[in-house]
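Quick setup: one chain, the form predicted on its own, written in structure tokens, and binding and motion questions come after.
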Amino acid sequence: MSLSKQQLLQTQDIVKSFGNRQIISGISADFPPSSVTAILGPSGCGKTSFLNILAGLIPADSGRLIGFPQLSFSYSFQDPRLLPWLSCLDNILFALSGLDDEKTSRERALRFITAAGLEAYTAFKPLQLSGGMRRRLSLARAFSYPSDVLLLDEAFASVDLKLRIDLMDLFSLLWREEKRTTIFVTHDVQDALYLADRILVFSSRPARLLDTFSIDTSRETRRYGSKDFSELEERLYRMILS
């Protein structure tokens, strides 16, 4: 089933525990189509578990997923998780191996490799690339698969500031090509303000939805660390640090 432009994805009262430890406590939220939603919260609060429930990788203990079970997903992790024995091109082609048309798959793979600035490295294997290039390849691979929903799990974390901004700018460039419904988790307020159309703020574990914020400023005009969002930034920091 393809995600229609009008289809609103929702969660209702999602609860999840691992053993005696509750991770998620009754989260209800909606995710508009063709939007970028950030899930912001402190490290270890349950953001990744929630993302895995949306993708169907782990089950919720209770609650409902509306729209999600019928959809396809592509996932970009904090760890690039590239196949080390395959070239850049073949890593993406492997992700596209379920598509019927081999010629179309190759053209699509090359298009996203070029967008990621890796066209000169198509035959290189991951260990021959820098860390930043591996992360760019991981993003290109996630975007290349024509899924309904793109999930990003701390995909911009654990790198220096310049590389993080470069990666987020690459995300914006790739996103404009297809305007994929995207949900990404982060503990970084600035990342959320730079990329998201909407921000869901989770509490510390067990995660509860504290509030939802919409950002109407176009992504193309935003500047990382801009004072334009200083009031919202202060409010978000207070919420996740409380």
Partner chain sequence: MRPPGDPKNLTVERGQRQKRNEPSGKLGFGLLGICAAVLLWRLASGMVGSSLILPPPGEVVASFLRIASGPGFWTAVLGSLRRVGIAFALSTLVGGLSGTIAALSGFFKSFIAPFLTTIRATPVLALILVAMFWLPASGVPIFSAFLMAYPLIHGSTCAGIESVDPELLQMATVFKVPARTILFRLRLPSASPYFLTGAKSALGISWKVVVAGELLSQPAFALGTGMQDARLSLDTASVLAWAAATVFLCGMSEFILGFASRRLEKGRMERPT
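A quick note: this is a predicted structure, and the numbers were derived from the prediction, not measured. Numbering follows the first chain given and starts at 1.
Below: the form predicted in complex with the partner chain, not depicted.
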| So, S72, P84 and L127: all three within 4.5 Å of the partner chain in the model of the complex by heavy atoms, or not? | yes
| query | What is the one choice in A95, A157, L110, L170 with a heavy atom within 4.5 Å of the partner chain in the model of the complex? | reply | A95
| message | Is D90 near the partner chain? Define near as a heavy atom within 4.5 Å, in the model of the complex. | response | yes
| query | Taking the shortest heavy atom distance, is R136 within 4.5 Å of the partner chain in the model of the complex? | reply | no
| query | Can any non-hydrogen atom of I66 be found within 4.5 angstroms of the partner chain in the model of the complex? | reply | no
| message | Taking any heavy atom pair closer than or equal to 4.5 Å as contact, tell me whether A142 reaches the partner chain in the model of the complex. | response | yes
